[in-house]
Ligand code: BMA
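Consider the single chain below, provided in structure tokens and representing the form predicted alone.
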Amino acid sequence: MKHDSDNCYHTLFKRYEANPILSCQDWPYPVNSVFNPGAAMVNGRYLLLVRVEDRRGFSHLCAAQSANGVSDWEIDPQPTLASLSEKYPEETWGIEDPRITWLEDPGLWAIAYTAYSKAGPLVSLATTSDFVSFERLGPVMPPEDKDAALFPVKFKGRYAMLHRPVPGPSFGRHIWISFSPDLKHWGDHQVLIPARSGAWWDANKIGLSPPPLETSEGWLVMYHGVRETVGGCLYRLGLALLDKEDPTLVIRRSDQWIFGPEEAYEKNGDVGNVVFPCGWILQGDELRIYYGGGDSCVAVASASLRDILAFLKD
């Protein structure tokens, strides 16, 4: 990983010098773009579950695996998890933006993803033990809702999920938390991290990025803020910290954004000025984020978890 020495501010995350690490040219079948991967360590290997958009404009998910997490990717020769609109009508226009969480109970990987229904995007869940076969749990939130991920543990016997519903155009787009006894029925909905207003980088519209990560100081949350400018939308990333025992309590939140589009592969693409991570992997003190650049490619950046927590505590 290289240091971003040209920046005029302190950078926590350093981009990999050979970014992007995956593009449509790497795919074993014809696609339009690859981006926004979920990430996990599976059997000692890095696994990315990549959002792949075909030339119709519909998305599916495809697995890519690597020993070092940056090169020599082995990509499934066909979609790993494709939309099944005949059986699951909520997936009529594809499935997008997976977040992967290992659930200690029931001992499976859970994938929260956006199903693109005719009524709008909504949150669906699937589980797997091997990323070959999947059990769909179906939609768990009505439209419009997206940017969802599960916590890996239960709180007082209940699962918890972060997500971004849109209850109405005048309410704003905030990060919510909800709870469930069985991964299917969800309640106790409440706003957790509100979008700010005015000139803030995260005004009016925010959403979860990777799944919450357990640390010694609490649950680390990375989220994206969308700023509307005369040149279009600008996606940047910020951080928050939740109480370890009670994730409804936000104990830290960064005022400044910590990562934003700078490189050509982030500024240009199907949707320019976008950095959008759906997965991260912690190995020792190194925290890697895997993100979509410009809605067109996959890139990676790394940071010290110690530095991140120190930044949030400052």
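The numbering used is simple: start at 1 and walk along the sequence shown. None of the values given here were measured: they were computed from a predicted structure.
Absent from the display: the form predicted together with this ligand. The rest refers to it.
*asked:* Under a 4.5 Å heavy atom criterion, is residue 163 part of the interface with this ligand in the model of the complex?
replied: Judged by the heavy-atom cut-off of 4.5 Å, residue 163 is well away from this ligand in the model of the complex.
*Mark residue 271 yes when one of its heavy atoms lies within 4.5 Å of a heavy atom of this ligand in the model of the complex, and no otherwise.*
Judged by the heavy-atom cut-off of 4.5 Å, residue 271 is in contact with this ligand in the model of the complex.
*asked:* Just checking whether residue 288 would be counted as a contact of this ligand in the model of the complex - the rule being heavy atoms within 4.5 angstroms.
replied: No, residue 288 is distant from the partner.
_4.5 angstroms heavy atom contact with this ligand in the model of the complex for residue 219_ = Contact check for residue 219: no, nothing within 4.5 Å of this ligand in the model of the complex.
*Of 276, 280, 46, 259, which one comes within 4.5 Å of this ligand in the model of the complex, counting heavy atoms only?*
Contact with this ligand in the model of the complex is made by 276 alone.
_I need to confirm a contact call. Of 235, 113, 176, 223, which residue comes within 4.5 Å of this ligand in the model of the complex, counting heavy atoms only?_
Exactly one listed residue reaches within 4.5 Å, namely 235.
*Taking heavy atoms and a 4.5 Å limit, what residues of 291-314 are near this ligand in the model of the complex?*
Going through 291-314 in order - heavy atoms within 4.5 Å of this ligand in the model of the complex - there is one hit, 295.
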